[in-house]
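For reference, the chain that follows is the form predicted alone, supplied as structure tokens.
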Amino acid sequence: MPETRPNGTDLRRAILDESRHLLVADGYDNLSMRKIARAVGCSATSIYLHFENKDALIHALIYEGMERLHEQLVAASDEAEPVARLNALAHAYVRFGLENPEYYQVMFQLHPQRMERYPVENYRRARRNLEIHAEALADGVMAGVFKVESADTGAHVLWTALHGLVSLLLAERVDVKVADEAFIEGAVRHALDGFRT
């Protein structure tokens, strides 16, 4: 049974949520167990009962974000036709990033110099998010609608384009005269057109 705080909320959940907020607001170097404990309303010792150290806590946030992204990608991969499926996957990725900016920043934009290496088993699990794109590309090659030398490389190329799109939108670096929806649609279409035969 999850440990609860006096107000009845799940302590582990509260630790993760507050850590995510603080990490994005203050950065890795300024995040401490003491600061998290103050924000949550518990002792630093209580946090260590759930997470071995700060890096284990951040790894848990990355893992959680990757799982949430995977759920959205799986939900978007119903289309049998490869072009429609890859389009749905690309839009699902962008939507996840824009709707979950804190998770996105922790997952893909955190640049700590001294953080422990992300566990190999978690990294392999996170790779499913690229593999689902690679599978759509490979199916498209088989159907004669996509041309790529390597579906895995193609998935990375697509991810690079989508990541750039999400990062610019989250940083509000896109000219305000450019409508978000039109920009997203055009960027996704352009990225996918690069694979078309």
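Source: prediction; values computed, not measured. Rigid core here is just the name for the largest C-alpha set that superposes within 1.5 Å across the two forms. Residue positions are given as counts along the sequence shown, with the first one as 1.
The same protein has a further form, the form predicted together with another copy of the chain, not shown here; the description that follows concerns it.
- Using a 4.5 angstroms limit between non-hydrogen atoms, Leu57 is distant from another copy of the chain in the predicted bound form.
- Shown alone here, Gln105 lies within 4.5 Å of another copy of the chain in the predicted bound form, counting heavy atoms only.
- Heavy atoms of Asp175 reach within 4.5 Å of another copy of the chain in the predicted bound form, making it an interface residue.
- Interface membership of Arg117, defined by any non-hydrogen atom within 4.5 Å of another copy of the chain in the predicted bound form, is ruled out.
- Of the residues Ser32, Ser167, Asn53, Ser43, just one reaches another copy of the chain in the predicted bound form with a heavy atom at 4.5 Å or closer; this is Ser167.
- Site annotation in the predicted bound form: the residue of Arg128, His163, Arg38, Arg68 reaching within 4.5 Å of another copy of the chain with a heavy atom is His163.
- No residue in the set Phe96, Ala138 and Thr197 has a non-hydrogen atom no more than 4.5 Å from another copy of the chain in the predicted bound form.
- Counting a residue when any of its non-hydrogen atoms is within 4.5 Å of another copy of the chain in the predicted bound form, the hits in 178-197 run Val178, Phe183, Ala187, His190, Ala191, Gly194, Phe195.
- Superposition of the core reveals a Cα shift of 2 Å or more for Leu23 between this form and the one not shown.
- With the core held fixed, the Cα of Ala44 is displaced between this form and the one not shown by 2 Å or more.
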